[in-house]
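Take a look at this one chain, the form predicted alone, written out in structure tokens.
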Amino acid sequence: MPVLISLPDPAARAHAARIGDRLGIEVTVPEIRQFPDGELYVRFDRDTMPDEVAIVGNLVHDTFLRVAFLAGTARDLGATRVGLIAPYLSYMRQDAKFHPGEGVTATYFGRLVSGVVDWMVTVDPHLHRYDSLKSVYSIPTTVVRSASSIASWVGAEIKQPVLVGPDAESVQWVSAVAEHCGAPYVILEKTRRGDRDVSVSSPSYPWNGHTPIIIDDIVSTGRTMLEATKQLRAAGSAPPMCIAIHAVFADALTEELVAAGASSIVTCNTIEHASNRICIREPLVDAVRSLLS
């Protein structure tokens, strides 16, 4: 019987519990602590591991080392295949050299992760200049789509929605949600001059009582959603609802969005946050089931 190894943070434990409960798989939480000099100590409260294990948790900050040490320890205890379930996949933003001297960290990170696990499942990674994760990762990867979960939420909560993509790269998520819920959509144009300096084009759409739903994959600084909200309100729309797949929230944002005219912001639960309203458990469980069966 496979075992799920949860990273000890609350978000990872929640994901592991949801997946484990749904699939009837044991979840174990290892001991991870730091030595006085800051180095990591890992230990499982068991002497052996089954052939198949999967580590559950997002790769953020220093988490990669935790995953690497857990994967190595699990192999020492008997695991022959170690997978990674990372609902949010970090280090996908820097996917090209924009200025002289820069590093393409997406590919460096992909090589690191591919060296410590045998397969990976993630939810809607930030694929902008790559057609698929095969361009970055050398291991088998499964991409879980949140579109059906978002569409179900929109259908249950919003009357007469019109979906809005704030930039060209958002069309992949917006069009998929539109297909699932049968709503019209419009895509705006964005100009980015810096991490917190963006502008968004004014929409041309006959609102006719429709509620705009701004959809993007990541809300980090929130500048894109903020500017899109301002343009929609200036064009005479109803207060838009904002939806993001991954709640990174590098900046405080909710109050600014509401002040700009948005009704609220909701996110999928790939990253634990107070804005989580959309659960991606079922598509995630389906993907994991096919790999562990």
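Residue indices: 1-based, along the sequence shown. Bear in mind that the values here come from a model prediction, so they are computed numbers and not experimental data.
One more form of this protein, predicted together with another copy of the chain, exists but is not displayed; see below.
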{"item": "K97: touches another copy of the chain in the predicted bound form, heavy atom cutoff 4.5 angstroms", "value": "yes"}
{"item": "Contact flag, V42 vs another copy of the chain in the predicted bound form, heavy atom cut 4.5 Å", "value": "yes"}
{"item": "P140 within 4.5 Å of another copy of the chain in the predicted bound form, heavy atoms", "value": "no"}
{"item": "Partner contact for V116 in the predicted bound form: another copy of the chain, 4.5 angstroms, heavy atom", "value": "yes"}
{"item": "Residues Y185, H210 and R289 all lining another copy of the chain in the predicted bound form, heavy atom within 4.5 Å", "value": "no"}
{"item": "Of V266, A260, V27, A68, the one that lies within 4.5 Å of another copy of the chain in the predicted bound form (heavy atoms)", "value": "A68"}
{"item": "Among the candidates E189, E102, E179, E157, the residue which, in the predicted bound form, approaches another copy of the chain to within 4.5 Å (heavy atoms)", "value": "E102"}
{"item": "Partner-proximal stretch of 132-140, 149-157, 89-97, 162-170 relative to another copy of the chain in the predicted bound form, 4.5 angstroms, heavy atom", "value": "89-97"}
{"item": "Those residues of 263-279 which, in the predicted bound form, come within 4.5 Å of another copy of the chain by heavy atom", "value": "none"}
